[in-house]
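Next up: just one chain, as structure tokens, the form predicted on its own.
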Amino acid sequence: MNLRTPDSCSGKVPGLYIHIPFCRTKCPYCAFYSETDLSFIPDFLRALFKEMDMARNQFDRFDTVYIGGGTPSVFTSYQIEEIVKRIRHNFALASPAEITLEANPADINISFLERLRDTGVNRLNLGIQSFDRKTLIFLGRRHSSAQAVSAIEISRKAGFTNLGFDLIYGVPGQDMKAWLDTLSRGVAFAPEHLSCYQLTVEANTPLITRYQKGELPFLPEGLQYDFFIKTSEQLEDARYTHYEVSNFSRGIKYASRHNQKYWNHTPYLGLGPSAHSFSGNRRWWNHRNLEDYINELSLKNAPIQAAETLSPKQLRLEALFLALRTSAGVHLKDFSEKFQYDLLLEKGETLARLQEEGHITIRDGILYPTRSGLAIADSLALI
């Protein structure tokens, strides 16, 4: 299967994602694929390096690398160094490349972080989730609030000037004041980036079982909206840019270059079990099973589980859905030229109503979601 896409085909430089499928423990709310048997790490690394060899000619170059999971920080700094070396050996990286690694605060120390910096990792994302002890216990996190604070401090000491935190709100028993206190505490450390997610109840997780048994209450829609609006207001007051539904940065300079590729149909290559890739009108994804992934590569087969080709209509609807989740919005002329679909002509009445309701604004030929529009982004895209 020839999936090569030169940069000139899209005018956009692709991104590279590496999925690390290991966690020391599984958080009950998390639906991302991972395993807790760390004895598979050597076999996984051999398979990953084989996949890199096989994929080396699919794209001309990358300008972002995102090492996520799972929990990449369960690896030693030497293992991460080897991954980055193999990336540089197999793929051309534009300069300067954004290279991100996700980390659990319980895993890291100053020598680990200094070695990361030496490998070229220049963006660190800490899975803090909360500074509140009870919330951390409910979420099944294996780090404490004190470890989170220590991780932030040593990250700065190690020289990371592009630091992000993940935080979760809407946890049962968490009132608005408790959440805003957590947010204030996070802001006090002046991270360059904040991802603030509402706790979602995902299928096939221990958490959904508790909800289905009636042990936990679902968050009312009105309260969900209030959490979202208050989060956006507080962070924008602290001079963060609300550039995507769940993401905030200290100016657009620190917006995640890699994650923006997912929201504007830039091609990306995903390596590792369950990783997804996208190019043009095709999307494909790897086996969501570590043993299947390893076995396929041992047989010199691409570890692809399935693929799909998106129709022009599917691409248009997806582009609209993704754009309305971002502060960049939809450039109406470009959208019309690319998809032969004039939103103003086809959806004029709906757009006028949404403007009256305060969910969108149209300015200089661009359709922007407002703060309330971002709060209902998924339904907004149904225009």
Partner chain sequence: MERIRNFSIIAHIDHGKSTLADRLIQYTGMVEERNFQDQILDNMDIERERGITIKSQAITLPYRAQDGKDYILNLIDTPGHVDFSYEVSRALASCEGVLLLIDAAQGVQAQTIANLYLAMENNLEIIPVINKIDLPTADIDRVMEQIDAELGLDPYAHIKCSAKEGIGIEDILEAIVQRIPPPQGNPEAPLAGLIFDAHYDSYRGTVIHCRQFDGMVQPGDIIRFFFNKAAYKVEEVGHFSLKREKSDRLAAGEVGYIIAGVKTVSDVRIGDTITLDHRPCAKPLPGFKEAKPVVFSSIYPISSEDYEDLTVGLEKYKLNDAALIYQKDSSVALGQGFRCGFLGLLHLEIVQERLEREYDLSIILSVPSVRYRFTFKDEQILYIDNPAHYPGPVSIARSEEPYIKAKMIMPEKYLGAVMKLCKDRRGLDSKINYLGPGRIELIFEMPLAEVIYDFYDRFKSLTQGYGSFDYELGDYRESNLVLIDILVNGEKVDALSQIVHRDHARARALQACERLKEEIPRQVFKVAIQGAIGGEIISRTTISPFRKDVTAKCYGGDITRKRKLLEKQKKGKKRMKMIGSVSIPQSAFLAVLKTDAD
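Residue numbers count along the first chain shown, from 1. Please read these numbers as outputs of a predicted model, since none were measured by experiment.
One more form of this protein, predicted in complex with its partner chain, exists but is not displayed; see below.
Visitor: Just one of 138 to 146, 257 to 265, 79 to 87, 114 to 122 has residues with a heavy atom within 4.5 Å of its partner chain in the predicted complex, so point it out.
Guide: Heavy atoms within 4.5 Å of its partner chain in the predicted complex occur in 257 to 265.
Visitor: Answer yes if any heavy atom of Arg283 is within 4.5 Å of a heavy atom of its partner chain in the predicted complex; otherwise answer no.
Guide: Flag for Arg283 set to yes.
Visitor: Indicate whether its partner chain has at least one heavy atom within 4.5 Å of a heavy atom of Ile360 in the predicted complex.
Guide: Outside the cut-off, so no.
Visitor: Any of the heavy atoms of Leu45 lying within 4.5 Å of its partner chain in the predicted complex?
Guide: Answer no; every heavy atom of Leu45 is more than 4.5 Å from its partner chain in the predicted complex.
Visitor: With the partner left out here, check for me: in the predicted complex, does some heavy atom of Tyr225 sit within 4.5 Å of its partner chain?
Guide: Yes, Tyr225 lies within 4.5 Å of its partner chain in the predicted complex.
Visitor: Looking at Glu215, Asp237, Asp175, Glu221, which is the one with a non-hydrogen atom within 4.5 Å of its partner chain in the predicted complex?
Guide: Of the listed residues, the single hit is Glu221.
Visitor: Looking at Ala55, Leu354, Cys27, Ala323, which has any heavy atom no more than 4.5 Å from its partner chain in the predicted complex?
Guide: Comparing distances to its partner chain in the predicted complex, the residue within 4.5 Å is Leu354.
Visitor: Could you list the residues in 14 to 40 that come within 4.5 Å of its partner chain in the predicted complex, counting only heavy atoms and keeping sequence order?
Guide: Stretch hits: a single one, Phe32.
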